[in-house]
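Here's a solo chain for you in structure tokens, the form predicted on its own.
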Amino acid sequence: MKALRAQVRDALRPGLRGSAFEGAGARYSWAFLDESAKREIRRRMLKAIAIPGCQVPFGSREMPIARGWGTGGLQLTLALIGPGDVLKVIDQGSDDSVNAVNIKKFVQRVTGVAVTTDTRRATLIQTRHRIPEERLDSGQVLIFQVPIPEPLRLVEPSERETRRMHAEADYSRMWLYLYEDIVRYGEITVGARYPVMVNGRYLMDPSPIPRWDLPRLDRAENLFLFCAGREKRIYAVPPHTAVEPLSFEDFAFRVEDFAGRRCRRCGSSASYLDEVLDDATGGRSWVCSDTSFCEKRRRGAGPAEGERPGGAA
């Protein structure tokens, strides 16, 4: 518990209160957001950490990017970041996508902090739809951009009713939904956004990450923070917290199967792979979704072959 308190204290340290940052010919308050907005977000974040998996409402601010493109994750990043932090931003595992590059440029413009593509160097990692392949440690915070935070939206459209269901831990309709999936299709067809139970109490939407990444949430050393700017919700998974995907005794949860497939660039058969179609030849190949991990393996600095990176502790 002492280690957890120290991590939370470090992660929620304030920025340069009342100061301004001058970059690219413009003058900004430190990390763009005003201090009252940062305090609001930090308070809600602390509550979310204290009640793992529980959605906490907050006053979402207007940001210089469109809602649905990462405003929630960006607000958490700006509320947490300090002068000594090193930032990494990924989109679908890639450091070089338009969304990831523009968010990095914006945060660097209003803070001047260092940015990196190396997962091990980063202290704050903002992500969309992936968890890095490399195992994170206690000095790192992973911030998720979340489009839809409510896991019960699949079975109940009413916000008032989903609030009641969470309060009473009434998740029978979700269990029924998964059971009907098995009866109709012979398997659970939910891929991304697979529902998980956090700390044996709250059903949580883990953002649209693939099943492959879910074991990394369970009892991890680092802090996971989730934020939906459009829905105005924050939730969290503190370090060493149990996270279990919903499954039946006779129908166990399983991740995506890449048996017999390897990354064409680094040769990895132990990472999450994206299928690539060559328009000219019609050929198909596979590449690592995590571009930083793939590049490290190509330089000979990644995990040995056959060792699944970043798995559950």
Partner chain sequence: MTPLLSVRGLTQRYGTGCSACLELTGSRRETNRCPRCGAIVACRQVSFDLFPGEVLGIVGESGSGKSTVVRLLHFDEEPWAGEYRLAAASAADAGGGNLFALSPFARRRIRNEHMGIVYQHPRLGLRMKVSAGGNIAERLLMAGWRHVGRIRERASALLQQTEVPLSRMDEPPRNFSGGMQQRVQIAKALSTRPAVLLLDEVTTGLDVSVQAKVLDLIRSLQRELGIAMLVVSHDLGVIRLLTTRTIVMRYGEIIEEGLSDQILEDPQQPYTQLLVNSVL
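Numbering follows the first chain given and starts at 1. All figures in this text were calculated on a predicted structure; none of them were measured in a lab.
Below, we refer to the form predicted in complex with the partner chain, which is not included among the displayed structures.
Next item on the list: Could you tell me which stretch in 42-50, 272-280, 246-254, 55-63 has residues with non-hydrogen atoms within 4.5 Å of the partner chain in the model of the complex?
Entry: Result of the contact check: 246-254.
Notebook entry, point to check: Each of Ala169, Ser172 and Val183 near the partner chain in the model of the complex, meaning some heavy atom within 4.5 Å?
Noted result: Contact check passed for all of Ala169, Ser172 and Val183.
Next item on the list: Using heavy atoms only and a 4.5 Å cut-off, determine which of Arg120, Arg164, Arg153, Arg219 is in contact with the partner chain in the model of the complex.
Entry: None of the others qualify; the residue that does is Arg164.
Next item on the list: Name the single residue among Leu176, Val86, Val190, Val101 that comes within 4.5 Å of the partner chain in the model of the complex, judging by heavy atoms.
Entry: Selected residue: Leu176.
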